[in-house]
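To begin, one chain is listed below as structure tokens, in the form predicted alone.
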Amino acid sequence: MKKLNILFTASEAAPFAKTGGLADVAGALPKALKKLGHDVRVVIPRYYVVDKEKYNLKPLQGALGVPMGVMGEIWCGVYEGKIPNSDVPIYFIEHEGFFGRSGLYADENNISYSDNDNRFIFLSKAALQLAKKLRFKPDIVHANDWHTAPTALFLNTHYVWDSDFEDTASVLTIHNLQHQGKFYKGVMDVLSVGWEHFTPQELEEYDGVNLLKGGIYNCDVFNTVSRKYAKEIQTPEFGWGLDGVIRDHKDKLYGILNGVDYSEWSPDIDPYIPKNYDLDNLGGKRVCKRELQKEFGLPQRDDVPLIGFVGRLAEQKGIGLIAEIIWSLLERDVQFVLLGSGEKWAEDLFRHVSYWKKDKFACKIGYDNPLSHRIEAGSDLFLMPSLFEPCGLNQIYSLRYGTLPIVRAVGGLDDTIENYDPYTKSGTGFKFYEASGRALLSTIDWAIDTYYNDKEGMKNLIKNAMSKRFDWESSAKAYEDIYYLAKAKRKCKKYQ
């Protein structure tokens, strides 16, 4: 199969700018695709948080003109760099008015910017205009979430007769269906694709515009970041109002599990943990546990199960379930450390619990990447009771660190964790299904009981977990397959 030119468009990419898993994918998948021989170019905004000096970004010669409908043609600059530890070019769209702000999507008070519609329509159009400027003819435009979903629409409208894009197919990855890019219908005049596209099948939703919906309609292939989530979003429970649309297009829907960068998340080489270890020598994990207990001010005990949690304090992550059972849980002989930030009520609650239960529970409100590594390494169990989870990464990190996940069986959590079978001693963690505090507490009790009373089972679980691999090479090959499929679908459309 011929090697492909891939234009990869996203609103964020690690390590330059990150709020979630999308950035991890945008920073890692292009590198894996490059190793398969493809020519990949990544395009994201140049936010204030993107440090031009640190990443040695150089300005591209000449300004870039971007047609924005009723707003006219808007000009911007472009900076060029490389994704660290790779030869993958990454381009940053520089526009002070749209991207010169403290946050990516919202201000310091977590209030979404009122012009997010124009900002990301601009990014989508700028990415395609940049390809023309670079004389880079993409075989694939790979869009991610609603922010760059309009590229699929533009390929079917503005650029359909453009010789630079005549054979270009579009792939759209949905990282979180909850966020869809819903705006007032005046956005149609900025998209400038014609009001014939303002239909319930394509862009219109409750007399407004849904950019993700338009992307699903126009793309050649779309996927989610796990197989289970691809099935779930076709149901009312997980579809966020788009389940009917997704069912209508299920013939072009696929699920591809995210990979993990083991050069960063592996206990044998991790620079952030007190002592490195691996499956053949777990002594370092005991050291990591004692040091983590010391860091959080908990009694240094080898004989107590230590539970870890790292993540956003948001309803999606099951914080309500944890809040429901936290006092009952801490009646057990157990320790619990938590790292995260988010909803104020949750931050206040966990600070309150840490004050009254300081011998069993400790928390740090905020984000601390080195500490997250130490929690993965020092904990015995890792809690992820998500209400929904498109993929999830911490449960995969936990497996590599021999820290057994306790998860709700949704999305990527269900795809990556095998439930413990006490009879065969098989499995890699503990799963529950009902979104209730009762089910969560019962499953934690099961894990605690296994820790105390099933030593052989714990050894097998740790061995099984640390032997698992979810690398980007496998995921990249799966993306390669749907790229070729998208190309074939595009060719069929052309000759219909």
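What you are looking at is a predicted structure, and each value in this text was computed from that prediction instead of being measured. Just count from 1 along the sequence shown to find any residue number.
What follows is about the form predicted together with ligand ADP, which we do not show.
- In terms of contact with ligand ADP in the predicted bound form, the residue from Leu321, Ala126, Ile406, Leu339 that brings a heavy atom within 4.5 Å is Leu339.
- For the candidate set Leu22, Ala17, Ile482, Ala476, a heavy atom within 4.5 Å of ligand ADP in the predicted bound form is found for exactly one residue, namely Leu22.
- The candidate stretches are 184-192, 149-157, 369-377, 115-123, and the one lying within 4.5 Å of ligand ADP in the predicted bound form by heavy atoms is 369-377.
- Under a 4.5 angstroms non-hydrogen atom cutoff, ligand ADP in the predicted bound form lacks Tyr254 among its neighbouring residues.
- Within 4.5 Å of any heavy atom of ligand ADP in the predicted bound form lies no heavy atom of Thr416.
- Taking the partner from the other structure, ligand ADP in the predicted bound form has no heavy atom within 4.5 Å of any heavy atom of Ser266.
- The shortest heavy atom separation between Gly214 and ligand ADP in the predicted bound form exceeds 4.5 Å.
- Residues are counted as partner-facing when one of their heavy atoms sits within 4.5 Å of ligand ADP in the predicted bound form; in 370-408 these are Ser372, Met384, Glu389, Gly392, Leu393, Asn394, Tyr397, in sequence order.
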